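The data below hold one chain only, encoded as C-alpha coordinates and taken in the form predicted on its own.
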Amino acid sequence: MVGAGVIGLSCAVRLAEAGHRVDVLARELPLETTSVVAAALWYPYKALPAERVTAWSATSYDAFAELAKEDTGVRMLPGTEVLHERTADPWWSGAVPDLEHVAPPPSYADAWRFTAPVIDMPVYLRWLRGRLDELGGTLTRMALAALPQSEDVVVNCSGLGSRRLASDLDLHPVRGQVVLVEGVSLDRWWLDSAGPTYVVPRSDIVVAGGTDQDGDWSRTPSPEIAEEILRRASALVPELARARVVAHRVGLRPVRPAVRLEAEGRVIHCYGHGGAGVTVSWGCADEVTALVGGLVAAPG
(Lines give C-alpha, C1' and ligand atoms only; values in the text may rest on other atoms or scores of the structure.)
Protein backbone atom coordinates (compact mmCIF):
# COMPACT_ATOMS: atom_id res chain seq x y z
CA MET A 1 0.00 0.00 0.00
CA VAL A 2 1.37 3.41 -0.99
CA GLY A 3 -0.05 6.55 0.60
CA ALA A 4 -1.25 7.44 4.10
CA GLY A 5 -3.93 10.06 3.47
CA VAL A 6 -7.58 9.34 4.10
CA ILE A 7 -7.90 7.19 0.97
CA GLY A 8 -4.80 5.12 1.72
CA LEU A 9 -5.67 4.57 5.39
CA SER A 10 -9.31 3.72 4.62
CA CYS A 11 -8.21 1.16 2.04
CA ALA A 12 -5.61 -0.21 4.45
CA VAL A 13 -8.19 -0.65 7.21
CA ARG A 14 -10.69 -2.39 4.94
CA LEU A 15 -8.01 -4.71 3.56
CA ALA A 16 -6.81 -5.58 7.06
CA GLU A 17 -10.39 -6.19 8.18
CA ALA A 18 -10.70 -8.61 5.25
CA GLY A 19 -7.74 -10.57 6.59
CA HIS A 20 -4.97 -9.28 4.31
CA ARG A 21 -1.53 -8.35 5.58
CA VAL A 22 -1.17 -4.61 5.01
CA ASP A 23 2.07 -2.62 4.99
CA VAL A 24 1.66 1.08 4.20
CA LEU A 25 4.57 3.07 2.75
CA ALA A 26 4.23 6.84 2.59
CA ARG A 27 6.40 9.90 2.14
CA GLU A 28 4.05 11.88 4.40
CA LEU A 29 2.57 10.51 7.60
CA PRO A 30 -1.19 10.99 8.08
CA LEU A 31 -1.03 14.30 9.94
CA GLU A 32 1.25 15.72 7.24
CA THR A 33 -1.00 14.92 4.28
CA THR A 34 -3.47 17.05 2.35
CA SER A 35 -6.22 15.10 4.12
CA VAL A 36 -5.52 16.79 7.45
CA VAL A 37 -6.19 20.21 5.86
CA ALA A 38 -9.63 19.22 4.59
CA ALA A 39 -12.69 20.90 6.07
CA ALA A 40 -14.03 17.36 5.66
CA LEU A 41 -17.68 18.06 5.09
CA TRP A 42 -19.20 15.11 3.23
CA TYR A 43 -19.84 16.59 -0.22
CA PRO A 44 -18.99 15.24 -3.70
CA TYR A 45 -16.73 17.94 -5.14
CA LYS A 46 -14.45 17.92 -8.18
CA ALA A 47 -14.71 14.16 -8.59
CA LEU A 48 -16.12 12.23 -11.55
CA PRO A 49 -17.68 10.11 -13.05
CA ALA A 50 -20.99 10.98 -11.44
CA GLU A 51 -22.43 7.47 -11.19
CA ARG A 52 -19.38 5.91 -9.52
CA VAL A 53 -18.83 8.91 -7.24
CA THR A 54 -22.48 8.85 -6.14
CA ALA A 55 -22.25 5.14 -5.30
CA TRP A 56 -18.97 5.54 -3.40
CA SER A 57 -20.34 8.58 -1.58
CA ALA A 58 -23.50 6.73 -0.51
CA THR A 59 -21.45 3.87 0.89
CA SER A 60 -19.21 6.31 2.75
CA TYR A 61 -22.20 8.23 4.10
CA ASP A 62 -23.52 5.07 5.72
CA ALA A 63 -20.09 4.16 7.08
CA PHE A 64 -19.64 7.61 8.62
CA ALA A 65 -23.11 7.47 10.16
CA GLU A 66 -21.99 4.34 12.02
CA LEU A 67 -18.61 5.84 12.97
CA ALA A 68 -20.40 8.89 14.40
CA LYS A 69 -21.70 6.59 17.15
CA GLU A 70 -18.12 6.08 18.36
CA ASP A 71 -15.29 8.39 19.45
CA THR A 72 -13.80 8.77 15.98
CA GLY A 73 -14.01 12.49 15.22
CA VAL A 74 -17.09 11.98 13.03
CA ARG A 75 -20.34 13.86 13.67
CA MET A 76 -23.59 13.98 11.71
CA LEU A 77 -24.58 17.65 11.43
CA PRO A 78 -27.35 19.49 9.61
CA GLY A 79 -26.42 22.22 7.19
CA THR A 80 -27.50 24.35 4.28
CA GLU A 81 -26.13 24.97 0.81
CA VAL A 82 -27.21 28.31 -0.62
CA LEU A 83 -27.57 28.88 -4.35
CA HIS A 84 -27.58 31.96 -6.55
CA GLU A 85 -30.24 30.65 -8.94
CA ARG A 86 -33.08 28.15 -8.83
CA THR A 87 -31.48 24.73 -9.13
CA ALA A 88 -32.68 21.15 -9.51
CA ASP A 89 -31.56 18.57 -6.95
CA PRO A 90 -27.81 17.87 -7.20
CA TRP A 91 -26.64 14.85 -9.20
CA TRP A 92 -25.51 13.14 -5.99
CA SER A 93 -28.80 13.62 -4.13
CA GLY A 94 -29.50 9.88 -4.18
CA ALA A 95 -26.65 9.41 -1.69
CA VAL A 96 -28.35 11.63 0.93
CA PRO A 97 -31.45 10.45 2.81
CA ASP A 98 -32.90 13.82 3.81
CA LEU A 99 -32.12 16.50 1.22
CA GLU A 100 -34.90 19.09 0.88
CA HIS A 101 -35.23 22.52 -0.67
CA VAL A 102 -35.80 25.28 1.87
CA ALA A 103 -36.47 29.01 1.77
CA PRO A 104 -33.16 30.72 0.94
CA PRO A 105 -31.61 33.52 2.99
CA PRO A 106 -31.88 37.07 1.60
CA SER A 107 -29.84 37.65 -1.59
CA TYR A 108 -29.96 33.97 -2.58
CA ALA A 109 -32.37 32.35 -5.05
CA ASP A 110 -32.51 28.82 -3.67
CA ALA A 111 -31.18 26.59 -0.90
CA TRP A 112 -31.25 22.99 0.20
CA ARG A 113 -30.68 21.44 3.58
CA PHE A 114 -29.42 17.99 4.54
CA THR A 115 -27.57 16.14 7.26
CA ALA A 116 -23.98 15.31 6.42
CA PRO A 117 -20.98 13.71 8.07
CA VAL A 118 -18.49 16.31 9.34
CA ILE A 119 -15.10 14.90 10.22
CA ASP A 120 -12.49 16.41 12.53
CA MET A 121 -9.58 15.25 10.42
CA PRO A 122 -6.71 15.30 12.96
CA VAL A 123 -8.84 13.18 15.31
CA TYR A 124 -10.10 10.93 12.56
CA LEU A 125 -6.72 10.28 10.96
CA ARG A 126 -5.35 9.28 14.36
CA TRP A 127 -8.31 6.93 14.74
CA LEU A 128 -7.72 5.38 11.31
CA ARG A 129 -4.05 4.81 12.10
CA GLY A 130 -4.94 3.31 15.48
CA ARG A 131 -7.46 1.02 13.82
CA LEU A 132 -4.81 -0.15 11.36
CA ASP A 133 -2.43 -0.83 14.24
CA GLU A 134 -5.12 -2.86 16.04
CA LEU A 135 -5.56 -4.99 12.93
CA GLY A 136 -1.83 -5.71 12.67
CA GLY A 137 -1.02 -3.38 9.78
CA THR A 138 2.15 -1.30 9.59
CA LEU A 139 2.94 2.24 8.48
CA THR A 140 6.45 3.25 7.42
CA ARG A 141 7.70 6.63 6.23
CA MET A 142 9.43 6.07 2.92
CA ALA A 143 9.94 8.32 -0.10
CA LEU A 144 9.54 6.10 -3.13
CA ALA A 145 11.05 6.78 -6.54
CA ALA A 146 8.70 4.22 -8.10
CA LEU A 147 5.90 1.89 -7.08
CA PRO A 148 7.21 -1.23 -5.30
CA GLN A 149 8.06 -4.18 -7.52
CA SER A 150 6.56 -7.15 -5.72
CA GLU A 151 4.75 -10.43 -6.19
CA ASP A 152 2.27 -9.07 -3.66
CA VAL A 153 -0.57 -6.82 -4.71
CA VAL A 154 0.38 -3.12 -4.59
CA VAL A 155 -2.35 -0.55 -3.95
CA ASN A 156 -1.43 2.93 -5.13
CA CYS A 157 -3.18 5.64 -3.10
CA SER A 158 -0.46 8.25 -3.55
CA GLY A 159 -2.69 11.16 -4.59
CA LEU A 160 -0.73 13.81 -6.47
CA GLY A 161 2.31 11.57 -6.12
CA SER A 162 0.83 9.48 -8.91
CA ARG A 163 1.94 12.10 -11.41
CA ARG A 164 5.37 10.56 -10.87
CA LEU A 165 4.67 7.08 -9.51
CA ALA A 166 2.05 6.27 -12.16
CA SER A 167 3.34 8.68 -14.85
CA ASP A 168 -0.11 10.27 -14.90
CA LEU A 169 0.07 13.80 -16.26
CA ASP A 170 -3.74 14.05 -16.33
CA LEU A 171 -3.45 14.55 -12.57
CA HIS A 172 -3.06 18.13 -11.39
CA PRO A 173 -3.44 20.18 -8.19
CA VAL A 174 -6.36 22.41 -7.31
CA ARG A 175 -5.21 24.57 -4.42
CA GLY A 176 -7.45 24.99 -1.40
CA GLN A 177 -6.76 27.50 1.38
CA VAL A 178 -8.67 27.59 4.68
CA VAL A 179 -8.68 29.70 7.82
CA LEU A 180 -9.14 28.13 11.26
CA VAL A 181 -10.97 30.29 13.78
CA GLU A 182 -12.16 29.96 17.35
CA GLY A 183 -14.36 31.89 19.76
CA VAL A 184 -17.65 31.10 18.01
CA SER A 185 -19.84 28.06 18.55
CA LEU A 186 -21.77 26.61 15.59
CA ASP A 187 -23.94 23.52 15.44
CA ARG A 188 -24.41 23.38 11.66
CA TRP A 189 -22.43 23.88 8.48
CA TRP A 190 -22.95 26.31 5.60
CA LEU A 191 -21.87 26.13 1.98
CA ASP A 192 -21.98 28.46 -1.01
CA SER A 193 -20.37 26.74 -3.97
CA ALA A 194 -19.58 30.13 -5.50
CA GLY A 195 -16.08 30.86 -4.30
CA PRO A 196 -16.30 28.19 -2.95
CA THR A 197 -17.31 29.48 0.49
CA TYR A 198 -17.87 27.08 3.36
CA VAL A 199 -18.09 27.21 7.12
CA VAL A 200 -17.62 23.87 8.85
CA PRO A 201 -17.52 23.47 12.65
CA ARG A 202 -15.14 21.03 14.30
CA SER A 203 -15.27 20.20 17.99
CA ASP A 204 -13.04 23.11 19.07
CA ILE A 205 -12.61 25.34 16.00
CA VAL A 206 -14.40 26.37 12.83
CA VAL A 207 -12.93 25.85 9.35
CA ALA A 208 -13.65 28.70 6.94
CA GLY A 209 -12.82 28.34 3.28
CA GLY A 210 -11.94 28.37 0.62
CA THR A 211 -10.26 28.55 -2.78
CA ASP A 212 -10.32 26.61 -6.03
CA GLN A 213 -7.05 27.48 -7.78
CA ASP A 214 -6.42 25.12 -10.67
CA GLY A 215 -2.78 24.23 -11.33
CA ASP A 216 -1.39 26.16 -8.34
CA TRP A 217 1.26 24.15 -6.45
CA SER A 218 1.92 26.68 -3.68
CA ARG A 219 1.37 25.45 -0.12
CA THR A 220 2.12 28.87 1.37
CA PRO A 221 -0.97 30.62 2.78
CA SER A 222 -1.74 33.99 1.24
CA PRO A 223 -2.74 36.76 3.70
CA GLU A 224 -4.78 38.47 0.97
CA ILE A 225 -6.68 35.28 0.18
CA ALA A 226 -7.24 34.64 3.89
CA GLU A 227 -8.81 38.09 4.24
CA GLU A 228 -11.08 37.42 1.27
CA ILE A 229 -12.09 34.01 2.68
CA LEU A 230 -13.06 35.58 6.00
CA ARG A 231 -15.03 38.30 4.24
CA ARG A 232 -17.04 35.76 2.25
CA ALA A 233 -17.47 33.40 5.18
CA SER A 234 -18.64 36.18 7.49
CA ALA A 235 -21.19 37.31 4.90
CA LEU A 236 -22.54 33.75 4.88
CA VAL A 237 -22.32 33.25 8.66
CA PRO A 238 -22.25 36.63 10.45
CA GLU A 239 -21.15 35.04 13.76
CA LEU A 240 -17.68 34.64 12.26
CA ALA A 241 -17.12 38.37 12.41
CA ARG A 242 -16.23 38.02 16.10
CA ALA A 243 -14.08 34.90 15.69
CA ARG A 244 -10.32 34.79 16.35
CA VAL A 245 -7.99 33.45 13.67
CA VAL A 246 -5.78 30.69 15.03
CA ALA A 247 -4.19 29.16 11.90
CA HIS A 248 -3.99 29.13 8.12
CA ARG A 249 -3.73 25.95 6.07
CA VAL A 250 -3.30 25.01 2.40
CA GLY A 251 -3.98 21.69 0.72
CA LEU A 252 -3.59 20.54 -2.88
CA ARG A 253 -6.56 18.53 -4.15
CA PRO A 254 -5.55 15.73 -6.56
CA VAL A 255 -7.83 16.28 -9.56
CA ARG A 256 -8.08 14.42 -12.88
CA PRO A 257 -10.86 14.04 -15.47
CA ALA A 258 -12.07 10.91 -13.66
CA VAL A 259 -11.08 9.12 -10.47
CA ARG A 260 -8.75 6.28 -11.33
CA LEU A 261 -9.78 3.12 -9.51
CA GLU A 262 -8.73 0.07 -11.49
CA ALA A 263 -6.32 -2.85 -11.57
CA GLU A 264 -3.24 -2.72 -13.77
CA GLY A 265 -1.69 -6.16 -13.48
CA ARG A 266 -1.08 -6.66 -9.77
CA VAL A 267 -1.20 -2.93 -9.08
CA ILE A 268 -4.48 -1.34 -8.06
CA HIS A 269 -4.63 2.39 -8.61
CA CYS A 270 -6.93 4.50 -6.43
CA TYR A 271 -6.27 8.22 -6.81
CA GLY A 272 -7.55 11.44 -8.35
CA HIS A 273 -10.42 12.00 -5.90
CA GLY A 274 -10.31 15.78 -6.20
CA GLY A 275 -12.08 17.53 -3.35
CA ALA A 276 -14.05 14.41 -2.42
CA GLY A 277 -11.41 12.16 -0.87
CA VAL A 278 -13.14 11.95 2.50
CA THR A 279 -16.57 11.76 0.86
CA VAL A 280 -15.80 8.69 -1.26
CA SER A 281 -13.20 7.08 1.02
CA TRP A 282 -15.10 4.07 2.34
CA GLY A 283 -16.83 3.34 -0.96
CA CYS A 284 -13.49 3.33 -2.75
CA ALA A 285 -11.94 1.23 0.03
CA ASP A 286 -14.64 -1.42 -0.41
CA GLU A 287 -14.05 -1.55 -4.17
CA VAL A 288 -10.28 -1.76 -3.71
CA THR A 289 -10.77 -4.62 -1.25
CA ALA A 290 -12.93 -6.48 -3.76
CA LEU A 291 -10.29 -6.01 -6.48
CA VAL A 292 -7.51 -7.24 -4.19
CA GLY A 293 -9.62 -10.26 -3.26
CA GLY A 294 -10.00 -11.10 -6.94
CA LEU A 295 -6.28 -10.82 -7.62
CA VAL A 296 -5.31 -12.87 -4.57
CA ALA A 297 -7.81 -15.58 -5.49
CA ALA A 298 -6.79 -15.68 -9.15
CA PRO A 299 -4.51 -18.58 -10.14
CA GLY A 300 -0.92 -17.78 -10.97
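Remember, predicted model here, so these are calculated numbers, not experimental data. Start at 1 and count along the sequence shown; that's the residue number.
Separately, the form predicted together with a small molecule exists; it is not shown, and the next lines address it.
*Asks:* Looking at 180-188, 154-162, 84-92, 128-136, which lies within 4.5 angstroms of the small molecule in the predicted bound form, counting heavy atoms?
*Replies:* Looking at the partner contacts, the answer comes out as 154-162.
*Asks:* Please identify the residue among 55, 67, 252, 240 with any heavy atom within 4.5 Å of the small molecule in the predicted bound form.
*Replies:* Looking at 55, 67, 252, 240 one by one, just 252 meets the 4.5 Å heavy-atom criterion.
*Asks:* Of these, 27, 231, 266, 248, which has a heavy atom no more than 4.5 Å from the small molecule in the predicted bound form?
*Replies:* Checking each option against the small molecule in the predicted bound form, the one that comes within 4.5 Å is 27.
*Asks:* Does at least one non-hydrogen atom of residue 33 fall within 4.5 angstroms of the small molecule in the predicted bound form?
*Replies:* It does: once the small molecule is placed as it appears in the predicted bound form, residue 33 has a heavy atom within 4.5 Å of it.
*Asks:* So in the predicted bound form, is the small molecule close enough to residue 48 to count as touching (4.5 Å, heavy atoms)?
*Replies:* Taking the distances in the predicted bound form, the answer for residue 48 is no, it never comes within 4.5 Å of the small molecule.
*Asks:* Any chance residue 176 has a heavy atom within 4.5 Å of the small molecule in the predicted bound form?
*Replies:* Yes, residue 176 lies within 4.5 Å of the small molecule in the predicted bound form.
*Asks:* Would residue 143 show up as a contact with the small molecule in the predicted bound form if we use heavy atoms at 4.5 Å?
*Replies:* So residue 143 counts as contacting the small molecule.
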